[in-house]
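So this first bit is one chain, no partners, the form predicted on its own, shown in structure tokens.
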């Protein structure tokens, strides 16, 4: 099971944090600080797999990938395969790239809801449900169309709105 997904920049600012188990906000902040402390102390040429038992408790592993100024971090238990989770990070980043045309940190910051939608299409309740970038993009595009259609709906009929301006 996926326990958490985090995206943070190289200065330690959290850009996305999603926990799939309930944790108080203070504990979440503590875990984010712990993860960043581990990541920033690692050399570039070491493995992307870390035992996270000291941070997240027993049976916890952490996989991360560093792209430009962002760390993409997935925390999971022993029921998940480490290489599959590393591939899942790659799918997440590829989908973000397809969605934002060469994603950068500001895309994650200013398109928070779309990033969460992409993540929700991939992982639901800690379980991986989709690993195809093209299928995820189809679902995200459909959701965007529905949102645009719902934003176009007005609650006041045009005849009533014309009456109001007289």
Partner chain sequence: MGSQGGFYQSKEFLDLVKSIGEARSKAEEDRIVLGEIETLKRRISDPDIPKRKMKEYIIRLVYVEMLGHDASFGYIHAVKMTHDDSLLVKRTGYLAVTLFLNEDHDLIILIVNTIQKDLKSDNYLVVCTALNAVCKLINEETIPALLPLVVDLLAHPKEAVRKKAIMALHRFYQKSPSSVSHLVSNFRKRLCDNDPGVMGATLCPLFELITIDVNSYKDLVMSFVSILKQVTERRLPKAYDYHQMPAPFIQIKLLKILALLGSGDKQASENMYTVVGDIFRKCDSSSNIGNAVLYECICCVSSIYPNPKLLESAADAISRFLKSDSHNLKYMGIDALGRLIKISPEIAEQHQLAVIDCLEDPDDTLKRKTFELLYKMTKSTNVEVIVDRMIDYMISINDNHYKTEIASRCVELAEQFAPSNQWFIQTMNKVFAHAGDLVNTKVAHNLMRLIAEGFGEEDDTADSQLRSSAVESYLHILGEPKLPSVFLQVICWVLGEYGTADGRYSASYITGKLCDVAEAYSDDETVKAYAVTALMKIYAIEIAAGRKVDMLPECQALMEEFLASHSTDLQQRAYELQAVIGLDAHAVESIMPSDASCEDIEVDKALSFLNGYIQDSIEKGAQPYIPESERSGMLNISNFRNQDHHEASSHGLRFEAYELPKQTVQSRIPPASLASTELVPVSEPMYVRESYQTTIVPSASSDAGSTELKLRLDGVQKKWGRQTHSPATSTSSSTSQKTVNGITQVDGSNTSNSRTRETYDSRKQHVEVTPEKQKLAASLFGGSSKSEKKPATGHKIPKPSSHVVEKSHARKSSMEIASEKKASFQQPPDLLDFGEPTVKSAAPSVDPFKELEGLLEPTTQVASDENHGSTAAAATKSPDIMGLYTETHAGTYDKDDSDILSGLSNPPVTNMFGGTTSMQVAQSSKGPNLKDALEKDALVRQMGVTPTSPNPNLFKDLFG
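Keep in mind the model is a prediction, meaning the values are calculated, not measured. Positions refer to the first chain, counted from 1.
One more form of this protein, predicted in complex with its partner chain, exists but is not displayed; see below.
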| query | With the partner left out of view, is residue 109 within 4.5 angstroms of its partner chain in the predicted complex by any non-hydrogen atom? | reply | yes
| Does residue 137 reach its partner chain in the predicted complex if we count a contact as any heavy atom within 4.5 Å? | no
| Can residue 104 be called a contact residue for its partner chain in the predicted complex at 4.5 Å between heavy atoms? | yes
| message | So, residue 46 and its partner chain: in the predicted complex, are they within 4.5 Å at any heavy atom pair? | response | yes
| What residues of 59-83, in sequence order, lie within 4.5 Å of its partner chain in the predicted complex by heavy atom? | 65, 66, 67, 68, 69, 70, 72, 78, 79, 80, 81, 82, 83
